[in-house]
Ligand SMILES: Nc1ncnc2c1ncn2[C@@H]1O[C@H](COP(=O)(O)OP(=O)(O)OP(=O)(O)O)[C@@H](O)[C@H]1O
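Given next, in structure tokens, is a single chain: the form predicted on its own.
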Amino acid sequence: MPDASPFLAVENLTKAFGGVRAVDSVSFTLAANEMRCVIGPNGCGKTTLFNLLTGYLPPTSGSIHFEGADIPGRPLYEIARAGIIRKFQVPSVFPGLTVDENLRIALAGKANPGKVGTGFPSGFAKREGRAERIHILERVRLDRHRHDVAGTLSHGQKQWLELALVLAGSPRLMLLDEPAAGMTRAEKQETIRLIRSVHDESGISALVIEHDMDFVEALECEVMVMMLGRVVASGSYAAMRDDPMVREAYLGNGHTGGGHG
């Protein structure tokens, strides 16, 4: 019989720092090929949740199952190799290397998990994987910038390069932490299009932390609302927008948010 377990299953997940529960008994499932936004006010536990999903932090209690396998306790690179790959809010590219070189390192890291530092692996040929790199850069509209030094890119382009680095890891689940942070309006619109096209064409599942409600609405996916470490509501953007509790606590008065969760 086929495996009926959820793609991602989080059950009673808790992370306490002393007497503070940054994540408090969070439970949810995510289906394969599903995209969902995670919203909530500053300090509600969104970023801590991502840290738990990627193994950066161990849970105090609760469980995380990804495609039927336990996540807590596994090394970060094993979790990434299993397909959970994160894009951080602040781009973490190598500014002194070209766009193409950044991508080569990411692809080398996939082939040699946990062993790639800031230099190129011994014997990693310069032209190895060239077609794959060009394909990935075409997907994020950076193919014309292959030979540009990453530090010279605009903020939005650096965010797109980091999305390319995520794709280089062959993700099954992307965790995107505020992908629109610091972008111009035009860059936000392009980022929406890129995320939607990657999701629609590849079927990669995604959890997206975002404070910009126009951005969230444009992604046209289910929204999960966190407050004080708990998931308090989940549903369509329209349903969350019209929920009195959510409006009062987070969306009211034209709030678009900002900062970390």
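Here the structure is a predicted model, which is why all the values come from computation and not from measurement. Position 1 is the first residue in the sequence shown; the rest follow in order.
The same protein also exists as the form predicted together with the named molecule; that form is not shown, yet it is the one meant from here on.
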Heavy atoms within 4.5 Å of the named molecule in the predicted complex: which stretch in 59-67, 198-206, 46-54, 217-225 meets that? 46-54
In the predicted complex, the residue from 191, 89, 157, 102 that sits within 4.5 Å of the named molecule by heavy atoms: 89
Exercise: residue 178 in contact with the named molecule in the predicted complex, heavy atom 4.5 Å: yes
4.5 Å heavy atom contact, residue 246 to the named molecule in the predicted complex: no
Taking heavy atoms and a 4.5 Å cut-off, does residue 211 contact the named molecule in the predicted complex? yes
Does the named molecule come within 4.5 Å of any heavy atom of residue 22 in the predicted complex? yes
